[in-house]
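As a starting point, one isolated chain is supplied in structure tokens, in the form predicted alone.
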Amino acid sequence: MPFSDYKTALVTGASSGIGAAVVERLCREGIKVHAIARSAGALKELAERTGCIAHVIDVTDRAAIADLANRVQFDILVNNAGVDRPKKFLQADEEDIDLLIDVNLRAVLHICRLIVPGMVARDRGHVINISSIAGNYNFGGNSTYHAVKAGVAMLSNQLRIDAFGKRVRVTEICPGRVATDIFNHVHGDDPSVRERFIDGFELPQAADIADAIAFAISAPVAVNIGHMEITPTLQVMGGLQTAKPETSAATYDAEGAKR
């Protein structure tokens, strides 16, 4: 379904990074884009630059999202807002778990609940869920993040089943490392963060992810691009590690007593 068949889009987490790049890309296609984020200043600048309609809304504010969904019919939904608190699950904090579930999964579920039924009723729409390679592969220190992104992956698959028979397409975008400021949001605004995650690496830019999304949206109506992994050429998932035990395994006698 070409861009000309879509009129209005909603993009969450739109104030910077991938979200802002998606807003810019959709606006260039003539789509009326409603951009949601918490940062009023960055949204104002984005609106002045692109002509998007800015809404200073937290994605966890269901009442505000519901009010917007009731007033506007959206043809394109881009669930991009997300947070991370890297930490092994053995050291997980209650607040971190709740935050990641609320922003990365619960908000996505409720936004889809509010918008996708209208797409189904109109027999037209495209849902773009920005997930992560963390939803498909495991790496250390991001246990809750892996769990919620896996939930987004399953939701993306399920939406296609629930909307079966209607021209509602669903695309899950799974980025690897991308050159955005998300690392400063997660690890702190320090020059060493950029040196650790960005400087010296050959990384996709936010605009590259936006172009991939535009490719999926612009495909013919008979084509649904369901899943895209977008990583640096020099990034791979996987590897084999084997640990030695910290202590020797205990042995027991016939009566079960430790020797």
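In this text, residue numbers run from 1 along the sequence as written. Note that the structure is predicted; figures quoted are calculated from it, not measured.
Keep in mind that the form predicted together with a small molecule is not shown, yet the notes after this line are about it.
- Interface residue remark: C52 is not counted as part of the site for the small molecule in the model of the complex, having no heavy atom within 4.5 Å.
- When the small molecule is considered in the model of the complex, G151 lies well away from it, no heavy atom lying within 4.5 Å.
- Interface membership of I57, defined by any non-hydrogen atom within 4.5 Å of the small molecule in the model of the complex, is confirmed.
- At the 4.5 Å threshold, heavy atoms of S156 stay clear of the small molecule in the model of the complex, well away from it.
- Contact with the small molecule in the model of the complex, judged as any non-hydrogen atom within 4.5 angstroms, is confined among 116-124, 163-171, 131-139, 68-76 to 131-139.
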